[in-house]
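For reference, the chain that follows is the form predicted on its own, supplied as structure tokens.
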């Protein structure tokens, strides 16, 4: 990449401040779109630019606001913008003021071809397959979609159990952008110590395609300094609905680094850089570890990004210093 045309982003400096759960989509014309959770958790915003660096100062458009009461009236979380067969969709989670933890997944659809100019309509809550009696009946959030070998898939986090529940990741194939075609399949549950700090959590899935493999990153543990990023992988030609097709790494691939002042990295996504080749990882983190009150309501989770590198086995590596190459 030509460094004279690309401003460096220091590894320990936020890219876009106070934007958690960041998601970046690069459209076919090369434009970049950015959305994320806002600190008040009350709306969905989008910004657009011709470059990653341009997103930093791009104007932000509010395309949807929470309801005054009932479903979707609180905790508007983790929107993702996707284009499926030429139409724009936003997947997000929302709660109900009458029960603020009644979090469920919802879908918006753009009525035109321009997500920044055309109206958005609600498609309602994500629907399970007709034979699936389990999906979306409990705390469900952080959905992402991806296409592999001509098939669209939906991955999300959902809690299970009684008392202090466990957040697992599930996968299913899509029938339509707002309905599943297959029964949920459990992909990963918090198996290891680093996934079980304060809360037992797997959430925030993201897909990276590279060298014939799908890499699924996810976030683990509570949302403070212990928040970190794990990874699984499968061959693209495997049966992705077979949990045995996926291999989960024993240790996190990205975690807090006190020396660099980065705390609680996670809830990431992937996008191609302007060269169309380099993979970038966009994630959120804080610049401090001492949080007063519930970390969920601390507004200073900022969006960062880094270049993804690959080791001798072509497996993705995540290093905070990787931005220095630009």
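Positions refer to the first chain, counted from 1. Values in this document were obtained by computation on a predicted structure and should not be read as measured data.
From this point on, the text means the form predicted together with a further copy of the same chain, which you will not see here.
Mapping the unseen interface onto this chain, residue 253 falls outside it, with no heavy atom inside 4.5 Å of a further copy of the same chain in the predicted bound form. Proximity of residue 101 to a further copy of the same chain in the predicted bound form: non-hydrogen atoms within 4.5 Å are absent; the residue sits far from the partner. Mapping the unseen interface onto this chain, residue 133 counts among the residues with a heavy atom inside 4.5 Å of a further copy of the same chain in the predicted bound form. In the predicted bound form, a further copy of the same chain sits within 4.5 Å of a heavy atom belonging to residue 191. Three-residue candidate spot 183, 196 and 244; every residue lies within 4.5 angstroms of a further copy of the same chain in the predicted bound form by at least one non-hydrogen atom.
Taking a 4.5 Å heavy atom cutoff to a further copy of the same chain in the predicted bound form, the contact residue among 166, 129, 222, 147 is 166.
Checked against a further copy of the same chain in the predicted bound form, the residues 160, 73, 83, 176 give one hit for a heavy atom within 4.5 Å, which is 160. Only one of 236 to 244, 208 to 216, 73 to 81, 88 to 96 places residue heavy atoms within 4.5 angstroms of a further copy of the same chain in the predicted bound form, namely 236 to 244.
Of all the residues from 83 to 113, none has a non-hydrogen atom no more than 4.5 Å from a further copy of the same chain in the predicted bound form.
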